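Have a look below at one chain only, the form predicted alone, in structure tokens format.
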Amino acid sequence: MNDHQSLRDLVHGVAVFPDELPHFDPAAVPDSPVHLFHEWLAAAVDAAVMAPHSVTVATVDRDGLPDARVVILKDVTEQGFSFASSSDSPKGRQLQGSPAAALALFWPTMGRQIRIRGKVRPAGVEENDADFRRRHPVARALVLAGEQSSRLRDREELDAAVAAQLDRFDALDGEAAAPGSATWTVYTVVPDTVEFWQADPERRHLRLRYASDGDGWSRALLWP
């Protein structure tokens, strides 16, 4: 007898979405997907969705193989959707080789998903430095240690590297003297398409896609 349950058996009966889902009228949306994104994000915050600004970033490596990870969305403006990472990280190197990405946000308690695809633009030195200096000291220490995604011997090695950088910060005269990072980069996905997905209890899910037409946005409903 198999000691392991099949995935089908394991998740059978598990609720996917709550019984009550928010109303979504695709005929009453704003002209810009950025405005609708802000409306949905505000609703997610009001509904106490945990980490509503967490976003999956998908890139491709030099062999064309996809890669994905969850990061924090930094900002959303008419210029695009921004997140940050070291340019020496795998995602940073992948974006240098293929400057395009797909983003996905999923809020199961609201039955909502948002997908973004587009080219990626790195920010300039001043914006990158300002964002880096806003980060928690330990987060900055990890970047300055310069080892992201390389093999770690044990937890003690990580703790020692962070402690060395924090000691370096303490030895400097004030926060303004703290070192910046030559690799920390704010990346903005300039969207070609933005899709909003609203779950329906009867499986008749609503999908609304905005597509950039150069001067503005066209909108279309998609089959679930």
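All values derive from a computational prediction rather than experimental measurement. All residue numbers are counted from 1 along the displayed sequence.
Not on display, but discussed next: the form predicted in complex with a small molecule.
Proximity of residue 128 to the small molecule in the model of the complex falls outside the 4.5 Å heavy atom cutoff. Interface residue remark: residue 149 is counted as part of the site for the small molecule in the model of the complex, having a heavy atom within 4.5 Å. For the chain shown alone, residue 168 is not a contact residue for the small molecule in the model of the complex, no non-hydrogen atom being within 4.5 angstroms.
With a 4.5 Å cutoff on heavy atoms, residue 90 counts as touching the small molecule in the model of the complex. Checking 123, 142, 71, 100 against the small molecule in the model of the complex, a heavy atom within 4.5 Å turns up for just one residue: 71. 67 is the sole member of 67, 31, 156, 46 with a non-hydrogen atom within 4.5 Å of the small molecule in the model of the complex.
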